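Take a look at this one chain, the form predicted on its own, written out in structure tokens.
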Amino acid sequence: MSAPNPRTVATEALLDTLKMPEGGCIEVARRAALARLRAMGLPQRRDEYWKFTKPDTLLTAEVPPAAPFDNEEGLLFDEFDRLKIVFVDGVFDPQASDDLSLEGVSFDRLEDICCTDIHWAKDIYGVLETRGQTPVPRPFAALNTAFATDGIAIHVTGRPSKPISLIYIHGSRASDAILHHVIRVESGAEVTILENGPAAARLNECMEIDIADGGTLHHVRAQGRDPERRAVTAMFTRLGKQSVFKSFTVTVNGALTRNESVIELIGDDGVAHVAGACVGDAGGNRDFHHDDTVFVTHDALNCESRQVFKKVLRNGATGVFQGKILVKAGAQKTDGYQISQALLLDDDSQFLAKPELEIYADDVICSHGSTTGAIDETALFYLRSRGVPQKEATNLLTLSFLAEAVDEIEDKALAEDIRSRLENWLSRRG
């Protein structure tokens, strides 16, 4: 008699604690996702794309407790006029949210989609996630599609006058949130989506984004400062002809964060940028492990993609980057750029990188690079010799290091707000 498969045992143990929402036009997609999950199983450390990140605490039925962080600062993006959609521990809070009314946009909650037989989101929910399972399995995304309990469907048909802001509040030490958002940007439409907050003690978030020909979506995310929180997120984006997608994420705390981004350029002349800035500190008996995993597929002519990721690590923090550019046959005139860099502020921190290119077209410009290093001693000496204190000089060089990633934010006011927050966070940590 053969021994039980550990992957199967772990998968079924977690599934026994979950209940799939029933009914509505996305029930078929949910059941298909459950079948995919059972076929692939939850990730194990031996899996190629999980060898740098230990998934154990994301798999347990019992949530590792995480105390909500008492943030003395004002919330990020508070100074901007925006439509606010608030989730508390993964549950929509209508009292804290604005009226879901904005020109050029329609909104539906996930539970409303579950109560109808016909909805535009049916053509996207689980569809992009399914496409993103090849050639690399993404079990947590399949788990999300099957069991997501809340989320928002955003249909953009025009150019709304202000950003849409998804605000995630962490209130319970043992909250376990599964959020799934679906976004459709129609031809010629343009929108900015903001996300900020820790969401829960443990978060599984999936976002599926379909951008039609000529559509544009800007995405800026800040993942919250709760030091003990854990999160695994997946963003699946499909771009049509002459469409634009630009996404930026800033992360400063968190015991474990895994952000996956899967992008398909299927229409000619598309543009896709994904970037991240991370400041990690594992001091004070805290854990900090941050993983960016990106897969960009070029499957059309004359498309551009950029991956720009910068991590600043200290006191034993760990950073991971896994990025791939796949250029399919016929995707001529591709321009693909990928850079991942880490600044280690001590000898105890580490950066693990796996950059990849796979190219089946001959008229392309593709590059990738990854570096790890310490503070430039010459630059530090220059600043110190001109009277800049050690701590301030280090922070200035750190901000300069992060600048290339922050510059990927299209809106200059949003970029300046992120820079200001990073400067404040760095000055307090010293």
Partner chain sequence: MKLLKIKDLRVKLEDEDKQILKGVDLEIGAGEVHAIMGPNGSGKSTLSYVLAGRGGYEVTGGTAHMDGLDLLDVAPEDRAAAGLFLAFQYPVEIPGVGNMTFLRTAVNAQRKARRQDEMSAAEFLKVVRARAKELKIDADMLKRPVNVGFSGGEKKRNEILQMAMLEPKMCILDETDSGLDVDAMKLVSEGVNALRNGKRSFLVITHYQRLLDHIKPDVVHIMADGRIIKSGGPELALNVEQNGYADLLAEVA
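Residue numbers count along the first chain shown, from 1. Nothing here was measured: the structure is a model prediction, and the numbers come from that model.
Separately, the form predicted in complex with its partner chain exists; it is not shown, and the next lines address it.
**Q** Just one of 59, 40, 383, 29 has a heavy atom within 4.5 Å of its partner chain in the predicted bound form. Which one?
**A** None of the others qualify; the residue that does is 383.
**Q** Out of 65, 389, 373, 369, which one falls within 4.5 Å of its partner chain in the predicted bound form, going by heavy atoms?
**A** Among 65, 389, 373, 369, a heavy atom within 4.5 Å of its partner chain in the predicted bound form occurs only for 389.
**Q** Establish, in the predicted bound form, whether 394, 422 and 424 all lie within 4.5 Å of its partner chain, using non-hydrogen atoms for the distance.
**A** No, because 394, 422 and 424 lack any heavy atom that approaches its partner chain to within 4.5 Å in the predicted bound form.
**Q** Of the listed stretches (29 to 37, 399 to 407, 42 to 50, 357 to 365), which one has a non-hydrogen atom within 4.5 Å of its partner chain in the predicted bound form?
**A** Within 4.5 Å of the partner lies stretch 399 to 407.
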